[in-house]
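What follows is a single chain, given as structure tokens, in the form predicted on its own.
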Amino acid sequence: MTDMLDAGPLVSWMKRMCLSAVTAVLACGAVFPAAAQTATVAVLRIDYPSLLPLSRLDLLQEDRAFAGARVATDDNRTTGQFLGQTHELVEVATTPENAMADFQALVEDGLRLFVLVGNSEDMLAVADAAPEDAVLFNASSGDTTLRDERCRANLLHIAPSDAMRADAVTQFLVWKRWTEWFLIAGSNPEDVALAEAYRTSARKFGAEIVEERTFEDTGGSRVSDSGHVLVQTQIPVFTQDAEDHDVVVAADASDVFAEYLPYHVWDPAPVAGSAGLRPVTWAPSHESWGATQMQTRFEDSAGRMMDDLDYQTWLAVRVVGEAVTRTGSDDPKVLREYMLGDEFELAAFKGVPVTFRDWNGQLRQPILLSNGRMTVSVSPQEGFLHQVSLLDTLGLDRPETECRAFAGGN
């Protein structure tokens, strides 16, 4: 059968396809390197002891973070094969006790590009111990201080800050003219920090917090067979006699109480923040701007739906791939300089290219507002203006940051 086929047209078609692909890469500004390049990214995921989440839908996945990085590495390889560039991925799941030793082992193996998944304290420890030429990406922590007084020049932030998420919610609530808030915050340190982000955001955009209450985390199991019975009696009492308000805003970074608020608060009011209308970087329901094909590719690869953390690690690895393609280099210093420069941008299925703030290393990106089944809106909202980029209405703007580690800082 093979002898009977006319191979000429087939070979000709294959050559045209190859040429078209290379032409497309060139048209996008790629640089063909003088020698083959190899970019190896290590994803270091620090796993912490935790209680079961309030909902089974939020059970931790064994491949969390890694799944997004795998899809991004495949994406990078698709372009890299035409440019003589190789993209590799190293996955390390560790514990707080072993994180530093595992990081040092990766450094000794010659790795210099790291995606970190962990809390802010461990990220700072790793950033301070990293060699001079390493570039690290924060894919999980929203701690605003990492973009402010505690910033590090070698740590770029893919995950949005608490301030960015809070501003995304606030803009929508103000746009809706729901400006009188009942703020309920958890008692853990991360809850306190998130509540402060909402207070700052309210002042920034003209909302008023008419009442605040703290939901104390007493520890122990958060889920029981009679949970709905207790919630149905306790939450209304907890929220009774609040000042008149348009909306309940929940600051519950610890996942202790917020999911119990919708339909259980004493006065009829929508819930936003850590439950109800939530600010996310990605949602399984997101379909706009080509997101459906991204969802499909991820689901085919991981066998499940994509969430915030998957998207953020995907984005981190894609940032590296884009920088390698554009610069024709795998030198971390060259890549970092390009990422923070005016020419860098990356399509991210959000309607606008994402870019970095050169004053604190934060990635600018739109924030989806999701109710869990639909994307209700996307911030920044219409009518909130900025002299440089509308995305800079979310989070710390240049005049607001105390970060001095970056060349673009004040």
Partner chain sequence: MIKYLLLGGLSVMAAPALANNVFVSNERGNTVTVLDSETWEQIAEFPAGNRPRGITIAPDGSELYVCSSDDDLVRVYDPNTFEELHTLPSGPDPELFVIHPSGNPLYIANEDDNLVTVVDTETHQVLAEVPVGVEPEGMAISPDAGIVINTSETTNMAHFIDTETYEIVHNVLVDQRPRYAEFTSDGSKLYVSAEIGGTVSVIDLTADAPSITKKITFEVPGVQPEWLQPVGIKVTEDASRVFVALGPSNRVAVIDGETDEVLEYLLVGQRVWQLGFTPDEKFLITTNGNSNDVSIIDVEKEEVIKSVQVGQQPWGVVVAPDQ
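Because the structure is predicted, anything quoted here is derived from the model rather than measured. Positions refer to the first chain, counted from 1.
Omitted here: the form predicted together with its partner chain. The next part is about that form.
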- prompt: Though its partner chain is not shown, can you say which of Q293, T218, Q232, Q240 has a heavy atom within 4.5 Å of it in the predicted complex?
  reply: Q293
task: Sort through D308, D255, E322, D122 and report the residue having a heavy atom within 4.5 Å of its partner chain in the predicted complex.
output: E322
- prompt: Taking 4.5 angstroms as the cut-off for heavy atoms, does P53 touch its partner chain in the predicted complex?
  reply: no
field: Partner contact for T78 in the predicted complex: its partner chain, 4.5 angstroms, heavy atom
entry: yes
- prompt: Though only this chain appears here, would A347 touch its partner chain in the predicted complex if you measure heavy atom gaps against 4.5 Å?
  reply: yes
- prompt: Is R297 close to its partner chain in the predicted complex, meaning a heavy atom pair under 4.5 Å apart or at it?
  reply: yes
query: Just one stretch in 113 to 121, 81 to 89, 144 to 152, 199 to 207 has heavy atoms within 4.5 Å of its partner chain in the predicted complex, so which one is it?
result: 81 to 89
